[in-house]
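Just the one chain here, the form predicted alone, laid out as structure tokens.
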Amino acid sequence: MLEFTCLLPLFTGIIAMFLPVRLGRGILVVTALLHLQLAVLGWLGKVKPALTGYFTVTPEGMLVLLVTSFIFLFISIYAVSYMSETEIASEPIYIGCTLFFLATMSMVALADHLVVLWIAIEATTLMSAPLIFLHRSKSALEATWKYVLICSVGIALALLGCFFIVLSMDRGNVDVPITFSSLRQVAGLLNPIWLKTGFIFLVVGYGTKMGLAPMHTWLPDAHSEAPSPASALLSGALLNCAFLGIYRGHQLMYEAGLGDFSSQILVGFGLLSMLVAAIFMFNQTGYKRMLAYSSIENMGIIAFGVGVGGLATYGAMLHLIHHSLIKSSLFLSSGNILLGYGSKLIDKTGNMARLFPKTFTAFFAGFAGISGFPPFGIFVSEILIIMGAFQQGWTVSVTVFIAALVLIFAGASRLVMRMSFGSYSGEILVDENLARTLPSYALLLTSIVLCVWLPDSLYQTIISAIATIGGGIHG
């Protein structure tokens, strides 16, 4: 049964917390391999959920599960080498919580019941919080506290959103299970006032976890303080899970004939997130915080694309895939930079092109990819979103969208150039090795391959996912 994608990392995580470190590292990688195999089988329809009242297979859910499982494998391989070079207070706790984190994210991808989805997204907060506090510094404690507090407030608002959606069933005496698939079938009978109210609370609640502005304030601190493999998971996988909660709500709104209302909200939050990222990008002193604001920008891009509809929804789904691949690669590279230079500050790095050539290549290529340059997939996704926005008549909004992209690139490029080619008189503390550079290259190469050649099965999954909100490649 497909629920094993949740149960497998849960059980291996418990086991890993009581085993010696070397065995725990092996369990981490083996679990990642088995999980990816299960995710692929589920994606291909070979394995089905057993608890159909609570879990289901949806195209968007399987897409998120597949992306999460794929990047988790390479992050796990990287983490084994990373943990041997850095001081972590309790490595078994790190391995166990990482596997628990994978279990909860898998649960999000499969959840169909409103409350089960809410529980799963709340569980991702509880399982990932120890990863942020792992170094046990004062700043890590502050970041963890902010993460738990802000996300808990957000998730409480999302629960209110679930209540309002249930209240919308009063109209016409609707009597169906409170699952997204059942509610979508009777969406036209739901009370539009309660449904709109519920969606607003879902966007604010899950948008807090997704990193949409102005609810984004936990994200730069958490991503900066967490160990780099954990940062890669937070940015490359967790944000997608929160987006899935909003996407399911948007599907329900579309089926109820309220798609214009939810689209405007998503476009508004998307543009605001991009503008906030553009403003704060210029003043960043740390490279991990710079990457965190890039994540806020990219979540805004996805929300904007989904809100615009038509061709832009296809671009948004492509963007979700490529952002996860490239941003995970960038955070892994940032871990190498931290090991090599011993600092998270941009001013205390430099001349990376000569001193740290393998990491520089991965980091600079990742920066080019996340900025939307070919041959990486974000170039295609952003072009499709812009084309879709013009097709749908969002002329003013897409103008702001393009302006924000330009501002973010201008701010980030100055910082990356300083790191890559600026002067540096210190020493490199840790040499590069293949185990810590190959995962970054593999993730970047995957983005390039998917830009040039998209498997038909993956293409059909994306088309099926966006068809539920009226999206498609024909606008």
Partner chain sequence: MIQISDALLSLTLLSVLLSLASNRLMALVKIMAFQGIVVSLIPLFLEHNDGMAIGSILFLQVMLLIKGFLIPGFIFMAVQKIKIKREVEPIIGYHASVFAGLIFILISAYIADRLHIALPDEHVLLMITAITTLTSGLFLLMTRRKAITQVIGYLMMENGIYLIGTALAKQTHTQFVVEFGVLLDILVGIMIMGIILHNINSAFDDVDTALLGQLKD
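Nothing here was measured: the structure is a model prediction, and the numbers come from that model. Numbering follows the first chain given and starts at 1.
What comes next is about the form predicted in complex with its partner chain, which does not appear here.
Colleague: Just one stretch in 117-125, 239-247, 352-360, 303-311 has heavy atoms within 4.5 Å of its partner chain in the predicted complex, so which one is it?
Modeller: Checking each option against the 4.5 Å cut-off leaves 117-125.
Colleague: Against its partner chain in the predicted complex, would residue 364 count as a contact residue? Criterion: heavy atoms within 4.5 Å.
Modeller: It does not: once its partner chain is placed as it appears in the predicted complex, residue 364 has no heavy atom within 4.5 Å of it.
Colleague: Check residue 297 for me: does it contact its partner chain in the predicted complex (non-hydrogen atoms, 4.5 angstroms)?
Modeller: Taking the distances in the predicted complex, the answer for residue 297 is no, it never comes within 4.5 Å of its partner chain.
Colleague: Taking its partner chain as it sits in the predicted complex, is residue 293 near enough to touch it, meaning that at least one heavy atom pair lies within 4.5 angstroms?
Modeller: Yes.
Colleague: Could you tell me if residue 260 has a non-hydrogen atom within 4.5 Å of its partner chain in the predicted complex?
Modeller: Contact with its partner chain, no.
Colleague: To verify the annotation, which of these, 97, 77, 155, 134, has a non-hydrogen atom within 4.5 Å of its partner chain in the predicted complex?
Modeller: Going through each option in turn, the one that passes is 155.
Colleague: Name the single residue among 400, 141, 345, 93 that comes within 4.5 Å of its partner chain in the predicted complex, judging by heavy atoms.
Modeller: If I apply the 4.5 Å criterion carefully, the residue I get is 141.
Colleague: Quick one: in the predicted complex, does every one of 146, 159 and 163 get a heavy atom within 4.5 Å of its partner chain?
Modeller: Verified in the predicted complex; spot residues all in contact, yes.
Colleague: Judged by heavy atom distances of 4.5 Å or less, which residues of 257-289 approach its partner chain in the predicted complex?
Modeller: Read in sequence order, the residues that approach its partner chain (within 4.5 Å, in the predicted complex) are 280, 284, 289.
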